[in-house]
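Below, in structure tokens: the form predicted alone, a single chain.
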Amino acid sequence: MRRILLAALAVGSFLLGHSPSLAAEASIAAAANFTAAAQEIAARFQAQTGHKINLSFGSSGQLYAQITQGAPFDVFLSADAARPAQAENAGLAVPGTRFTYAIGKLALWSADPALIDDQGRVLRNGDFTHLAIANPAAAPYGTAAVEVMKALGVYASISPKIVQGENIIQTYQFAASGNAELGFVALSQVLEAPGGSYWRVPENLHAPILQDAVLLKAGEQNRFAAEFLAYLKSPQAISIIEKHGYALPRAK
């Protein structure tokens, strides 16, 4: 009888340590533009719950490709609405869990404090050699940047000067390092950057950057992943999201 009890305890211990539904942690794939906000939210969530949050950052396109290839993420925080919807349609996400957690803002930024005025006239006068944008095929902020330049009628003249970053973090690094005199980045990055000059791009120049979250199939049995998604809607998380320069959808 004692041997049976010991064996049962051993099996129970194994399941406790290896069952996704019992693991006190969650793995989050988050768009690069949301890095600072996600880190702060995760730290607050961990402090309040004791549950560990593992964050992985990249462009939305890169992260989605990893998800389609079986990457074991529990939650996807995209920089767009399209890829979480694609994940649902492909059976990679749990239906009914998708929502907009933030609305992104675009900015034209330069490390040079005298280069950009509050109207972004530098785009029209072309007084620069390189402009950095995130890869439009993988990063929604890159798509928005192209839309802005086309709306202003300057894309044809500027396109030979464009250098592309793999994601919005690399794009910011191009401009910060001087490899590009200026770049289209997330407003959240500008608010955290000391010095420089920037133009807050009017929202009517590009489609809204709706950033959607969704629970992935890999995290369907992980209640801590669902708790983290719910926490994104909490007053504490919302205050952090707004502090980092994002808007939130209007309550329905």
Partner chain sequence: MWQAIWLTLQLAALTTLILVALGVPLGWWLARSRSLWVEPVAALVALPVVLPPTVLGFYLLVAMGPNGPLAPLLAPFGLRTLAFSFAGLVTGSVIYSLPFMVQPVRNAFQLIGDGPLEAAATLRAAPLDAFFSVAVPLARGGILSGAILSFAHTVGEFGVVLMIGGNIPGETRTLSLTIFDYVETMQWGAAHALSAGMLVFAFAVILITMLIARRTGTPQT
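Positions refer to the first chain, counted from 1. Because the structure is a prediction, the values reported are computed rather than measured.
One more form of this protein should be noted, the form predicted together with its partner chain, which is absent from this view; the next part is about it.
Student: Go through Met149, Ala138, Ala81, Val122 and name the one with a heavy atom inside 4.5 Å of its partner chain in the predicted complex.
Tutor: In short, Ala138.
Student: Considering its partner chain in the predicted complex, which of Leu55, Ala36, Leu205, Ala65 comes within 4.5 Å of it through any heavy atom?
Tutor: It is Ala65.
Student: Taking a heavy atom within 4.5 Å as contact, would all three of Ala107, Pro235 and Pro249 count as contacting its partner chain in the predicted complex?
Tutor: Checked in the predicted complex: no contact with its partner chain for any of the three.
Student: Quick one: which of 94 to 102, 71 to 79, 150 to 158, 168 to 176 gets within 4.5 Å of its partner chain in the predicted complex, going by heavy atoms?
Tutor: Within 4.5 Å of the partner lies stretch 168 to 176.
Student: Wondering, does Glu181 line up within 4.5 Å of its partner chain in the predicted complex on heavy atoms?
Tutor: Yes, Glu181 lies within 4.5 Å of its partner chain in the predicted complex.
Student: Verify the contact flag for Asn89: yes if a non-hydrogen atom of it lies within 4.5 Å of a non-hydrogen atom of its partner chain in the predicted complex, no if not.
Tutor: Asn89: no contact with its partner chain in the predicted complex.
Student: Should Gln211 be counted as a contact of its partner chain in the predicted complex, where contact means heavy atoms within 4.5 Å?
Tutor: No, Gln211 is distant from the partner.
Student: Can you work out whether Val163 and its partner chain are in contact in the predicted complex, taking contact to mean some heavy atom pair no more than 4.5 Å apart?
Tutor: Yes.
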